[in-house]
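One chain comes next, on its own, written out as structure tokens in the form predicted on its own.
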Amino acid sequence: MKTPQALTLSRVFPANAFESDKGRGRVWSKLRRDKAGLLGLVIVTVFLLLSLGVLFGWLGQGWSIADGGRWEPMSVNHWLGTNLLGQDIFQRAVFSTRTAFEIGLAVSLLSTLLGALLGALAGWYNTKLGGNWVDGSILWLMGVLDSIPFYLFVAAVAYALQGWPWAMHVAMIVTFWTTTGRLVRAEVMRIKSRGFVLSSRAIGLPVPVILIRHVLPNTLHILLVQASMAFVAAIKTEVILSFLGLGVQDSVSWGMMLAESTQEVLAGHFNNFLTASFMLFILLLGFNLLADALQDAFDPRQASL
């Protein structure tokens, strides 16, 4: 429940550009006019529905059953043919949609949240005379993580935690948050000198309340784009780790299908490779289109346009 001081502050100095009905209406209006963004939303929604169908057991449940012959062509029984082991490629591709959303959403949400919190703390405690120990420590951690070759570090962490089902997720979260942290830090350093933040400090609101209620909402345009990029990067990284044998365990993913197809392509069978590549490309395209539209609609600097 808001305190009287917070309520007064919200009326005089809105925490962000989208609290009012007018602000939300402007955002929705921009989204509706962005045809590319709407296309991206449709694509992401379709894939999300597929993943939910798999989650509830309606689709893709026969992904591991080898009831077909080796490299069977497309037919009524196997819409996209079968792989080396006789497993249905269509069923595996559909089930992989759930895997993609599990990995992408978990990694993008957690890495973006971690980057937002640490970046906000670093930006808040940075002063004109230089940062204090909080800012310095977070910047040092970012520098250490950024100095290590990305795929080498992810593979090393995943290998060290091999056998744990969340090993790959942790490896990506640990490395993905730094870019978000740097961007949020720079934005918070700019925002904290604005009137509504200074007024918040003047009436004695705690720092966590100011950051969460009045500062971080103004970084939403950054967080949306970074979350989308982390989603895309998570799926790409899963492909790399699958080639190294450090990817998804006891399931199937587009990365695993691409890894399997290396032998099949050499034998002249492309269904596995083309199916996984096509679905991966379409989903990532949809997220990129949607992220661009959301950035344009939510960016506070566009609010007056």
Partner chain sequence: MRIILHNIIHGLLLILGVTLISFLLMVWFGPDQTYTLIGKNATASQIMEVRHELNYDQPFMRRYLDYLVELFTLDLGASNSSGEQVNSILRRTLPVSLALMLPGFIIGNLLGIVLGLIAAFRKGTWSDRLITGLSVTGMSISFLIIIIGLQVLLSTPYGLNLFPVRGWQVEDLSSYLAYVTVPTLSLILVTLGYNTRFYRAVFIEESSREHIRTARAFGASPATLMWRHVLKNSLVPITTRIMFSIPLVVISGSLLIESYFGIPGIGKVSFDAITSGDQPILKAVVGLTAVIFVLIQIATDFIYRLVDPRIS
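What you are looking at is a predicted structure, and each value in this text was computed from that prediction instead of being measured. Residue numbers count along the first chain shown, from 1.
The same protein also exists as the form predicted in complex with the partner chain; that form is not shown, yet it is the one meant from here on.
Enquirer: Using heavy atoms and a 4.5 Å cut-off, decide whether W124, S137 and V209 all contact the partner chain in the predicted complex.
Expert: None of them does, since no heavy atom lies within 4.5 Å of the partner.
Enquirer: In terms of non-hydrogen atoms within 4.5 angstroms, which of the given stretches 52 to 60, 37 to 45, 65 to 73, 258 to 266 touches the partner chain in the predicted complex?
Expert: So the stretch in question is 258 to 266.
Enquirer: Test of understanding: in the predicted complex, would S277 fall inside 4.5 Å of the partner chain by heavy atoms?
Expert: S277: yes, in contact with the partner chain in the predicted complex.
Enquirer: With a 4.5 Å heavy atom cut-off, would you call L85 a contact of the partner chain in the predicted complex?
Expert: No, L85 is distant from the partner.
Enquirer: Would V252 count as a contact of the partner chain in the predicted complex, using a 4.5 angstroms cut-off between non-hydrogen atoms?
Expert: Looking in the predicted complex, residue contacts with the partner chain do not include V252, since no heavy atom lies within 4.5 Å.
Enquirer: Report yes if any heavy atom of P165 sits within 4.5 Å of a heavy atom of the partner chain in the predicted complex; otherwise report no.
Expert: Result no; P165 lies far from the partner chain in the predicted complex.
Enquirer: Can you pick out, from M189, L220, A106, L145, the residue that has a heavy atom within 4.5 Å of the partner chain in the predicted complex?
Expert: For this set of options, the contacting one is L145.
Enquirer: Using a 4.5 Å heavy atom cutoff, which residues in 223 to 245 contact the partner chain in the predicted complex? It's fine if the answer is none.
Expert: Stretch hits, in order: K236, V239, I240, F243, L244.
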